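Read the single chain below, which is given as C-alpha cells and is the form predicted on its own.
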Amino acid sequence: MDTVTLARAFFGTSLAFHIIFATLGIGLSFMVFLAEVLHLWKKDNDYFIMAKRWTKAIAILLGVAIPSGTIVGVQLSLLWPGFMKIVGQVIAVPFKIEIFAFFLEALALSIYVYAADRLRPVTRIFSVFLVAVGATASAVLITSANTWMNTPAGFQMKPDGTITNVDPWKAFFNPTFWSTSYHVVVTALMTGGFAIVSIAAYKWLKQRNDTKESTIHRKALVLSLVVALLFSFLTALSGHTSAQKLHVHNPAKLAAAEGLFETQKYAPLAVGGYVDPATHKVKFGVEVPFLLSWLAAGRFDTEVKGLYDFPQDTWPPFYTHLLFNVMVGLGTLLLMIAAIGLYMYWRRMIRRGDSYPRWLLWILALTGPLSMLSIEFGWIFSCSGRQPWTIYGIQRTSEAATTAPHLGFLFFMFGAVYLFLAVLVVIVMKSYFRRNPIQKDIERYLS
C-alpha cells in the first residue's frame, strides 16, 4: 500500500472513530435539554431521571471524545503537511475558535454533572443548553474546514504556490458552509434521538410489566421517537439541498454518486446497483426517469454534467455510487421506522389501550447503530467523493500527504488504541449503570 493510501486510511479511521463521540455529544446533550424542559414544564420527575442518567453517558463518552479529537488534530499536521501549509495561511480561524467551543462544552457539562441536584431547574436547563451549544459549535467550526476543502474560497494561489489575497472570513463562510453545517447538525440530532430509541426500546422489552421503570422507558421511547422522526425528515430535506450544491459546485462528485457518465438533460436517478468500470454503466440498478435533473435544480430539463466532461484522472472512485446509495437508503429506512413507531404507539396504546408490539421494539432497538452507520457512510462519501483532491481543484491528495515511512506500523498501533478505547467505553458504561440501576433513582426522586 502506497504512502498516500496509508495516510488516507490512517486519518479516515481516526476520523471515523472520533465522529461517533462527536455526533453523540451533540445529539445526547440535546435530548438531555429536552428532558429538563419537560421536567420543568410537566413537573414530572421521570424526565429528570432520564436527563440525569443520559448525562452520565455523555460524561463517559466525552472522556473518549477528548483524546480521539486531539489525535485527529495532531494527525492533520503529521499526515498532511502540504494541506496544513495552505490551511495555516487561509482557514486557521475555525480551528482556533473550536478550542473555546470545546471549553464551553466541558465547563458547562462539569457544572451540570456535579451540581445538578443543587441547581434550580432553570439553571440546570441553562447549563445543559450551554453543553449543547458548545458541542454543536465545535462540530460546525470543524465542518467549516471540511466545506472549504470542497468549495475553497477566500484566497488566490499563484502558479508558484504562493497564497495571496487571503480573506479568512470568506474562507470560513464558503459557498457550502451553511447547507453542510445545517446537515451535520440535524443528522447529529437525529442520531441522538435514535440512540435513545434503541436503549429505551431494549429496556422496555426487558420490563414489559406495568412498573415505574417500564413507564420511564416508555416515555423515553416516545420522546426520542418524536425527535428522531422530526430530524430524520429535516435530514432528508437538507440532504436534498446538499445535492443541489453538488450540482453547482462539485458536479463531478454528483456524477460519480449517480454513476452518470454522459452529460444530459432529463437525467435519470440510478437507485442501487454498482458502477461497472469496464462498461461505464450502472449494473443491477433501477433508473427513475428525469428524477436526477429534478433533484439537481427543480426542473426535469436541467442539464446534469457527466464524468466524460472531466479529465479521467480527476474522476472520484466508482464506489462513491455505492456509498451514496447506502447513506440515502439508511436515512430513508430510519425515517420510515420512526414514523411507523409513533403511528403504532398512537394506534395500539392510545386509541386501543393495547400493548406495544414486541417485534417493533426489536426493530427500534437497531435504529441507533443504523443511524451511526449512516453518519459514517455520509462522511466517507463526502471525503472519498472529493478525491483525488484534498482541496477541490487546487491541491491533490498526493501533494498534501506526508512522505514519511513506516505509516503502516503507526496505523496498526493507533487501530489497537481505538479498539481498546471502544472496549473500555462499553465496559465503563455497563459497569456504571449496573452499579447504579434506574431503581435507585426511582427510589431517590420518586418515593
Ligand code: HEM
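Throughout, we count residues from 1 along the sequence that is shown. Since we're looking at a predicted model, the values are computed, not measured.
Not on display, but discussed next: the form predicted in complex with protoporphyrin IX containing FE.
Novice: Can we say 28, 220 and 227 each have a non-hydrogen atom within 4.5 Å of protoporphyrin IX containing FE in the model of the complex?
Specialist: Negative, none of the three is within 4.5 Å.
Novice: Counting only non-hydrogen atoms, choose the one of 402-410, 418-426, 40-48, 383-391 that falls within 4.5 Å of protoporphyrin IX containing FE in the model of the complex.
Specialist: Single hit among the candidates: 383-391.
Novice: Taking the shortest heavy atom distance, is residue 155 within 4.5 Å of protoporphyrin IX containing FE in the model of the complex?
Specialist: The answer is no: residue 155 has no heavy atom within 4.5 Å of protoporphyrin IX containing FE.
Novice: Answer with yes or no whether residue 54 is in contact with protoporphyrin IX containing FE in the model of the complex, where contact means some heavy atom within 4.5 Å.
Specialist: Because no heavy atom of residue 54 falls inside 4.5 Å of protoporphyrin IX containing FE in the model of the complex, the answer is no.
Novice: State yes or no: in the model of the complex, is some non-hydrogen atom of residue 166 no more than 4.5 angstroms from a non-hydrogen atom of protoporphyrin IX containing FE?
Specialist: Looking in the model of the complex, residue contacts with protoporphyrin IX containing FE do not include residue 166, since no heavy atom lies within 4.5 Å.
Novice: So in the model of the complex, does any heavy atom of residue 59 sit within 4.5 Å of protoporphyrin IX containing FE?
Specialist: Residue 59: no contact with protoporphyrin IX containing FE in the model of the complex.
Novice: So which of 83, 315, 356, 204 reaches within 4.5 angstroms of protoporphyrin IX containing FE in the model of the complex, heavy atom to heavy atom?
Specialist: Selected residue: 83.
Novice: Counting any non-hydrogen atom inside 4.5 Å, which residue from 142, 361, 199, 275 sits next to protoporphyrin IX containing FE in the model of the complex?
Specialist: Looking at the other structure, the residue within range turns out to be 142.
Novice: Listed by sequence position, which residues of 58-83 have a non-hydrogen atom within 4.5 angstroms of protoporphyrin IX containing FE in the model of the complex?
Specialist: Counting only heavy atoms within 4.5 Å of protoporphyrin IX containing FE in the model of the complex, the contacting residues of 58-83 are 62, 65, 66, 69, 70, 72, 73, 76, 80, 83.
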